[in-house]
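Take a look at this one chain, the form predicted on its own, written out in structure tokens.
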């Protein structure tokens, strides 16, 4: 069934976090985002969310810059078009260089609209499986805060906890935390904070018992990642290094990592992400879905992605109440017994509440 994009609207969202989110890169106290609403001729709506941050501390794209691109470049390409399949949106946007987060937000809204036109949940439309998605949370803070936050996460039902690390982190202390909770799967995320080829900085974390270490080196430090992978027993996972299918292929060819983090915002949307899923399946590369301190629209798309049978590792899926006093969707997303149930309503399964 073809869909004509009759109208495109944008909503600015800004909310304070319940508590500051601290990494080696930035301290985030407030989150700003743009919600995209695409409409067909009958007024049916599809939702997307641009996950760029207010300043370019994580990626080059920003809220203001991505909104400009969506308004002035992407909207004229999409509005009024008759699409036979949601991948047509990615094809239309392919002539525009970069700006993956802006493209992803609009393309995701198109996928939601197509699923609603079919009367299908988005997870089913993309080939996912109806089963609860395991919930994973990111925990940061000083040593004392970390212990308290891990305890709180476990009491909330999370069975996968990601800890932020840097060269200044006490690896022995983390080893004690991991050892004290053998029933929990712990990931470590360095956000590229380790330097060059200095493997000795990273080796103490290889003894901590992590299920994986995410992005120890900078996004272009492929040789450093290759050396770490060859000399460590803990799997190396790439996040910031992965912007496209070509990057995943490069990781595989150079043996620079074992696992890939899927972030649709950085990959440009569903179309590119699904290509990567297929490549990883064929190449036996493990995957999981990463978070961006996002609101419920983006998280709902991510839940549909995580439902794909090829994705077996637990992603960044926290309760709406973890970051926000009130999310922008209804109903809000809730973690129950360490899992999130997929919505059976058409599309992403949630109503926009702004």
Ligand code: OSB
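Positions refer to the first chain, counted from 1. These numbers were taken from a predicted model, which means no experiment stands behind them.
There is another form of the same protein, the form predicted together with ligand OSB; it is not shown, and what comes next is about it.
The closest heavy atom approach of residue 300 to ligand OSB in the predicted bound form falls outside 4.5 Å. Contact annotation for residue 292: at least one heavy atom lies within 4.5 Å of ligand OSB in the predicted bound form.
Mapping the unseen interface onto this chain, residue 316 counts among the residues with a heavy atom inside 4.5 Å of ligand OSB in the predicted bound form. At a distance threshold of 4.5 angstroms between non-hydrogen atoms, residue 57 is in contact with ligand OSB in the predicted bound form. Not one of 166, 187 and 226 places a heavy atom within 4.5 Å of ligand OSB in the predicted bound form.
Looking at 123-131, 247-255, 157-165, 91-99, the stretch with residues near ligand OSB in the predicted bound form, meaning non-hydrogen atoms within 4.5 angstroms, turns out to be 157-165.
The contact with ligand OSB in the predicted bound form, taken as any heavy atom within 4.5 Å, belongs to 191 out of 191, 117, 87, 149. Taking ligand OSB as positioned in the predicted bound form, the only residue of 109-143 that brings a heavy atom within 4.5 Å of it is 138.
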